[in-house]
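Here's a solo chain for you in structure tokens, the form predicted on its own.
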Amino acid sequence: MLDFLNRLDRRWIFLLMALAVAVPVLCKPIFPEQPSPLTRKLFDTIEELPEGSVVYMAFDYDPPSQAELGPMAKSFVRHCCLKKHKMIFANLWPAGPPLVDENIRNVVNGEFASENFVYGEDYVNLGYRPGNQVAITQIATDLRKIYPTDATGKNLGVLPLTRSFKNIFDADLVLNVSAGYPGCKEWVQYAGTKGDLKIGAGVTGVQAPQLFPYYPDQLVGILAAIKGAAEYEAAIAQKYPQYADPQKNEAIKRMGPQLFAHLLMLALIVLGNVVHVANRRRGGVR
């Protein structure tokens, strides 16, 4: 057996990984999710805001990170619609506007079409602006200097939702979905440190460790990777039974392939170390 493992072609490992992902994708197994404290705190923050609160949706990500962050953004919009909060959408990534439009089209005007959310009163799309952390600093000081109009060219002064919105501190909560720079770290450093501002984050897995030190003082909660998105979907489903159907929750559906792929990786790591130790004992390190 040891000789067999030493001579095993690595392409068999690639095939195993392909099967570990493909089979759950086809079979669609669903596993129960329980919100972590980080997820639960963010959910409770949105849930406890009074109806009609203003939430600034800073969606700073692009299509390559859509698979990981798209379910988070959708869940944030869905939850705000359920609570009938006012939403101001904006992004600092040049490839991000179509993703904001997708959430507005599919959730605000799709899933919640019967609620008749009115543009300008219930939600506004500010669109993209360049500038990275400089733009964030300006938004924290005077929104009109960087956003005199919305994404369609309408003056913010004529829209009921933004007529009296002077800067980011007029928002009751900032929700940032971030794929990197500029993103959550910059929102904390260039806006959150300037005053009393609640910020919730949904970030990629590689970003999450550098944001944990900001919780709970600067960040009210953090969703980390697709796991965090699945936990948030589970939290919504627990509170609102109409979302208990797994088919309505993209992140929960994606946890099956991720689980089996991770289990295979762990098994291969253990097996590799066992083979290595066995080779050393036999006197031939390979």
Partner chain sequence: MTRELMISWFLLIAGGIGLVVLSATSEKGVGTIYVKPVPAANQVQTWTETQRTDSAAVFSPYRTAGVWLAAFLTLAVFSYLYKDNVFYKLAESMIVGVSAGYYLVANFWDSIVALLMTELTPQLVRNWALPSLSETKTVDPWFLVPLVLSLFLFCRFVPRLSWLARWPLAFVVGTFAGLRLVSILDADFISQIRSTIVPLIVLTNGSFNVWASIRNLGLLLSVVTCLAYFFFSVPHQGLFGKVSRVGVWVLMITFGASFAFTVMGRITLLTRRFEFLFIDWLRLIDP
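Numbering follows the first chain given and starts at 1. Since the model is a prediction, treat every value here as computed from it, not as a measurement.
If you look for the form predicted together with its partner chain, you will not find it shown, but the lines that follow are about it.
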Counting non-hydrogen atoms within 4.5 angstroms of its partner chain in the model of the complex, say which of Ala244, Ala67, Val54, Leu49 makes the cut. Ala67
Report whether all of Arg40, Ala113 and Leu173 sit within 4.5 Å of its partner chain in the model of the complex, measuring from non-hydrogen atoms. no
Quick one: is Ala235 in contact with its partner chain in the model of the complex, heavy atoms, 4.5 Å cut-off? no
With the cut-off set at 4.5 Å between non-hydrogen atoms, does Gly180 touch its partner chain in the model of the complex? no
Ala278 versus its partner chain, in the model of the complex: is there a non-hydrogen atom within 4.5 Å? no
Indicate whether its partner chain has at least one heavy atom within 4.5 Å of a heavy atom of Lys84 in the model of the complex. no
For 247-265: residues with a non-hydrogen atom within 4.5 angstroms of its partner chain in the model of the complex? Gln247, Lys253, Arg254, Met255, Pro257, Gln258, Ala261, His262, Met265
